[in-house]
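One chain comes next, on its own, written as C-alpha cells: the form predicted alone.
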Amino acid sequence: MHDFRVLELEDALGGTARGGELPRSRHPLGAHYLPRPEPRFHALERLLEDLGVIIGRDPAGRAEYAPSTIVAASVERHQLDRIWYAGISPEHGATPAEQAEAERWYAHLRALDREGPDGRRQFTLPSWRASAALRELDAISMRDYLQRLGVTSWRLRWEIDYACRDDYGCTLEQTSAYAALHHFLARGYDEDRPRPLLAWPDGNAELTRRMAARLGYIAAAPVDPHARVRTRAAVVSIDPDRGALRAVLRGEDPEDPGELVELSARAILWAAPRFVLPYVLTARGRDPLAGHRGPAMSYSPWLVASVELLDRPGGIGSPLAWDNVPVQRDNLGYVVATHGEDRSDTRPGAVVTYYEPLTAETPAVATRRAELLAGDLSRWSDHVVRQLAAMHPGIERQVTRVSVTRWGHAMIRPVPGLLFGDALARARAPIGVVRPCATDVTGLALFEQAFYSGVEAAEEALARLGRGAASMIP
C-alpha cells in the first residue's frame, strides 16, 4: 500500500518514543528498550529485519541481532542500604522464610506459564489473543491477589510493585492482577535466563528514525507539502462517514498560522491518544465511549530527565549497569544512555536518564498531572539531581546539563476491570472509516501491544480496500 499520508502533530515523529541530544550523547525522552521478541512474534521479527536490527538467522532459523543493539552486561543492579547488588531482586539479607516465599512465587509463575483449556496461552502478546481462562483476575488488584496468595515479604512485594510501576506507572493497588502477572508471563517465563534487551542511546527513537527513513522522511529536511509523512500537522476535524479529514499544515516558522487542507480517505487509522478523538469528530454522538459507565481510561503522568555528567556514576558494590534502581524509593532510578559505547571510546563523562512515574489513585492522578505540568525546569531539574544524589552522594558536582521531559498522559493505566471490560472494546471500535489503534486502546503501554494494535488496524484497512492478506498476528 503506497497511497497514504502520515500526519503528526509534533515537530518530530515518535510520540513517547522520541529522543533528545546533549553534547555528550543522545538520550531517550521516554520509551527506551524492547525485549527481544520470541520467534512466535513473527510479525515483530519481520519489522526488526526490515529495520536492520535482525541481521541473519542461525542454522536453527533463530534470529541473530546486530551486536550493537543488545544491551551489554551488566544489565541491572539495585541499591539497598547504600550498597549496589547485581540484578533486580533485593535478596541480600533475606531470611529463610523470605527465601521460601520467593521460591513459592516463582513456582506459581511457572505453573501459570502454560496454555489454557481453550488451547491459547494464558498470557501472551497481544493480550487480547490470550486464553480467557484467567481473565477474571483483571477484576481485582495485584495487592489483593498477593494477599490471596499469602505473600507478605516486603522484598517480594517491592519487586512486584517495581515491575508494575516500571511497565505501567501504577502501584500494586492500582494495577489489575492480570496486568501484573502479564508483566512476568506474556513473553514466556524463564527466571534463569532473562531475555536480552534491545536498546540504543536514545532508546526507541532509533526504531522510529529507521521506520521514518523507509518512508523517505528525514527530520532535518525542508518541509515538503507533498510528502507522505508530514510533521506539524494539526488534524482539526474528521467526518467518519465521508472519510473527509481537515488539517492545518504548519511550516517551520512558529509564527506561520499554517494552511488548512482537506484530505479524503477510505480508511483512517487514529494512532493518537484516544481521548483526543472526540474533539475532532464532526459526529460527536458517534463515539462508542460516550455514556460508558465502567472503569475509565486513565493515564499515568511521568517525569523523565537526562543528566550529563563529568564522570560515570560509581557506588559501593556491583559496578555500573545499564539499569540502576534504588530499592523502596518513589523513582525507578536511571538507565545509562552511554552504556553501549564501544570500548575504544575513551571520552570522559556519561549521560543518564532518570524515570519517575507520578502514581496516585484515580481521580487524584489528575492532581499529580497538574503538579507535574506546573513545575518549571528549575524545580524538576533540582528534584532529579536530589534523587540522583540520594543514590550517589556528591554527584551534583558532576552535573553539567539537565534535560527534562514532562509526560502528562504518558501511559494508559491497567486499573482493575479495564483490560477485559467494556471501555477498551468501545475505545477500539471503528467509527465509520476511523479505526482507533494507539497504544492506549490496548490497555497496556507495551511496545508489542502498540505494534500489534497497529498491524491489526492496518490489516483491517487493507481488507476494506480489497487488498487483504493472511494475518501476521499470532
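Numbers for residues come from their place in the sequence shown, where the first is 1. What you see is a predicted model; the values in this text were computed from it and never measured.
The same protein also has a form predicted together with a small molecule, omitted here; what follows describes it.
This chain is drawn without the small molecule; in the predicted complex, the residue among 128, 145, 355, 162 with a heavy atom within 4.5 Å of it is 355. For the candidate set 37, 421, 30, 430, a heavy atom within 4.5 Å of the small molecule in the predicted complex is found for exactly one residue, namely 30. Shown here without its partner, the chain carries 22, 201 and 404, none of which come within 4.5 Å of the small molecule in the predicted complex through any heavy atom.
Under a 4.5 angstroms non-hydrogen atom cutoff, the small molecule in the predicted complex has residue 233 among its neighbouring residues. Proximity of residue 63 to the small molecule in the predicted complex falls outside the 4.5 Å heavy atom cutoff. The shortest heavy atom separation between residue 462 and the small molecule in the predicted complex exceeds 4.5 Å. Although the partner is absent from this view, residue 178 stays clear of the small molecule in the predicted complex, with no non-hydrogen atom inside 4.5 angstroms.
In summary, the region of this chain contacting the small molecule in the predicted complex, judged by heavy atoms within 4.5 Å and restricted to 65-73, 404-412, 42-50, 421-429, corresponds to 404-412.
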